[in-house]
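One chain comes next, on its own, written out as structure tokens in the form predicted on its own.
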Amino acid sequence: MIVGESGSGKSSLLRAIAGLWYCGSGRIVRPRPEDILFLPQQPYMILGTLRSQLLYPNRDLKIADADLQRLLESVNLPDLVKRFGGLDAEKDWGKVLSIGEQQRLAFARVLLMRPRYAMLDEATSALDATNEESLYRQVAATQTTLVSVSHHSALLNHHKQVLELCGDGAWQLHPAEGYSFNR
């Protein structure tokens, strides 16, 4: 888990690790791009069908409709298919879904793709504690390693270490167990 004051570089570091930013100096050794799925605070919603939203970035996958419906149910979006007229309904998903629904849909992508690493930049900021815990618990049950930027102390339970960015390039590494945000 990556923590620190606003402006300390948490999101910048996560984007650099995920291979989304290439500015600055230094060396980052990271897994192959196909092993990482990045979830920002404002999820990326592509133009297209609900099915393509779920399958992004691998839209050519063939997944049974019933499996996609179960996936939506697992992220607490059980009525999405019915509400919008099916998996092949085309909408401007960034406008018709709330930010919380978008964040849950993005977690459905993680659960479907099972990347080696999920880079989560405040990816549950619009969710209540129950939904947040459920999503983290489900991803933690897979082989996906979570790397999160968050200010929610409840998420410490899903991480082994805390990287605290102190500002001006200084940092400290702590065990997650027993870590307090009020240092």
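The first residue of the shown sequence is 1; numbering continues from there. Remember, predicted model here, so these are calculated numbers, not experimental data.
Here the subject shifts to the form predicted in complex with a small molecule, a form of this protein not shown in this document.
- When contacts are judged by a 4.5 Å heavy atom cut-off, Gly7 counts as touching the small molecule in the model of the complex.
- Proximity of Trp21 to the small molecule in the model of the complex: non-hydrogen atoms within 4.5 Å are present.
- None of the heavy atoms of Gln172 is located within 4.5 Å of the small molecule in the model of the complex.
- Taking the partner from the other structure, the small molecule in the model of the complex has no heavy atom within 4.5 Å of any heavy atom of Arg114.
- The three residues Ser12, Gln41 and His151 all sit with a heavy atom within 4.5 Å of the small molecule in the model of the complex.
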